[in-house]
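Okay, so here's just one chain, in structure tokens, the form predicted alone.
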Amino acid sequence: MNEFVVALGWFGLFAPVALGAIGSAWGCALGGSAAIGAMLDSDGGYGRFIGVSLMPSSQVIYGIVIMFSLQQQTVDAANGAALFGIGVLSGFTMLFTGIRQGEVLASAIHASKAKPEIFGISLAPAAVLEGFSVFALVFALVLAGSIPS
């Protein structure tokens, strides 16, 4: 049983990076596809479309920070479950916020190509999702600091 808990701990160490990378890739693909489509329909402002389509890439960065924070612990039977829980749950947060952020950004890009004056305000929902990722990052860091060595 101890070996299984240790294996879960190692899985939890890498989960934030892997799940954050999936969420970032998926979200950037959604936003990037919308940005490319918007370039066909607009006469300028391409840089802003491409720039915001990259917003979901931050989730993998947060995942890397969480992984380094969790890595400060020795992986053993005493803390394997904590590493697993923090890593997997924060990783799933990065996964889902990255995907949903890409969807929201695609909608913002589509809307702002027809009505350019709403570009800034249309990014507010994506910023809220980014906030949820930051909350998960902060709480993962706080919890990682309280895992017994």
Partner chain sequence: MSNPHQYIALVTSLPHLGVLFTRKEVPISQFRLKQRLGVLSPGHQKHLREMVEVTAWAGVAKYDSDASVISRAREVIADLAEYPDLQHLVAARMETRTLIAALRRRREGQETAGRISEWGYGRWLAFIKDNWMDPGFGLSHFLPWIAEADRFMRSGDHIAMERLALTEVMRELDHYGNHHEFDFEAVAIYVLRWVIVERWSRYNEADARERLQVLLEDALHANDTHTTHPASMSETPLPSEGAYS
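Positions refer to the first chain, counted from 1. Note that the coordinates shown come from a computational prediction; the quantities given were computed from them, not determined experimentally.
One more form of this protein, predicted together with its partner chain, exists but is not displayed; see below.
- Shown alone here, W26 lies within 4.5 Å of its partner chain in the model of the complex, counting heavy atoms only.
- In the model of the complex, at least one heavy atom of H110 sits within 4.5 Å of a heavy atom of its partner chain.
- In the model of the complex, none of the heavy atoms of G85 sits within 4.5 Å of a heavy atom of its partner chain.
- Using a 4.5 angstroms threshold between heavy atoms, S33 counts as touching its partner chain in the model of the complex.
- This chain is displayed alone, yet in the model of the complex one of V60, M67, V52, A106 has a heavy atom within 4.5 Å of its partner chain; that residue is A106.
- None of 37-45, 52-60, 88-96, 117-125 except one has non-hydrogen atoms within 4.5 angstroms of its partner chain in the model of the complex; the exception is 37-45.
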